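Quick setup: the structure tokens below cover two forms of a single protein chain, split into structure 1 and structure 2.
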Structure 1
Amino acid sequence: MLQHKTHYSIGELCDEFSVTARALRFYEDEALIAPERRGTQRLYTERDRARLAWILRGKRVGLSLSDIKELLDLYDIGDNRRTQRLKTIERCQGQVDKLKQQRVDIDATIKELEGFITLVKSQTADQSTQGK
């Protein structure tokens, strides 16, 4: 049975994801994760771990913690009222649009930087030719 651990200590998650305990506690203060307790110590479940992965990826793409919280909450709500679902779709679509625009910007920036690199490299090649 390939079954991974069902519980993680704060230190384990820190090591796995290369974040500080301070950060994890901060995310908890901000209600992004809510690990159980064994006495005073935190016990993270597999679900908490998945949420953490989501949080960190969200950060890498430039979402704020409150954006991330909102999206995570939307996943969880399971609210069946139609209006609520429409709002959910709207919010998500908004983020998707932002991310798509961001991808356009990223591609343009990569292109420009790579062009510049090529230019500088060609100069370096010139000199090394002369330098021989």
Structure 2
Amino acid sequence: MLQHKTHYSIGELCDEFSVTARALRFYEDEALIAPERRGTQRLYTERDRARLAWILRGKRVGLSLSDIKELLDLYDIGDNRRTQRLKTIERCQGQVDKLKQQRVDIDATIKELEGFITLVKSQTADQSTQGK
């Protein structure tokens, strides 16, 4: 783990977070991170590193990049992150609710498929006994 540094290279962040340089440039284009520039070299701050960790966690739990950007931008509004925390809870609860509904839908689809398989198997068994 990289610690106590003021700047990180693109390679260091790619290695630490298992992302590609292209992904980092994409997040930069989307204004999710804002590395400093020294000539053509990108130098990432501890803030960029923390934001990248947040971006990747948000992606893992299914948040959209626009949701992630909104939540990241709330960090700087000056209310000791209160609004950011409340919005994060709201977005994450919405994602939990969506996933629970998907689980219900998946369970119903599995039940339907299993019933259909049973029906087709019974028809196949009936045909094979009729043919004898």
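This structure is a prediction, so every number in the text was calculated from the model and none was measured. Basically, rigid core = biggest C-alpha set you can superpose within 1.5 Å across the two forms. Counting starts at 1 with the first residue of structure 1 and goes up one by one along its sequence.
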Fill in: Selected structure - criterion: the form predicted on its own
2
Discussion item. If the two forms are fitted on the core, does residue 34 show a Cα displacement reaching 2 angstroms between structures 1 and 2?
Written reply: no
Worksheet item: Does residue 20 count as moved between structures 1 and 2, where moved means a C-alpha shift of 2 angstroms or more after fitting the rigid core?
Response: no
Worksheet, complete the sentence: Between-form comparison on the rigid core puts the Cα shift of residue 112 between structures 1 and 2, in Å, at 15.4
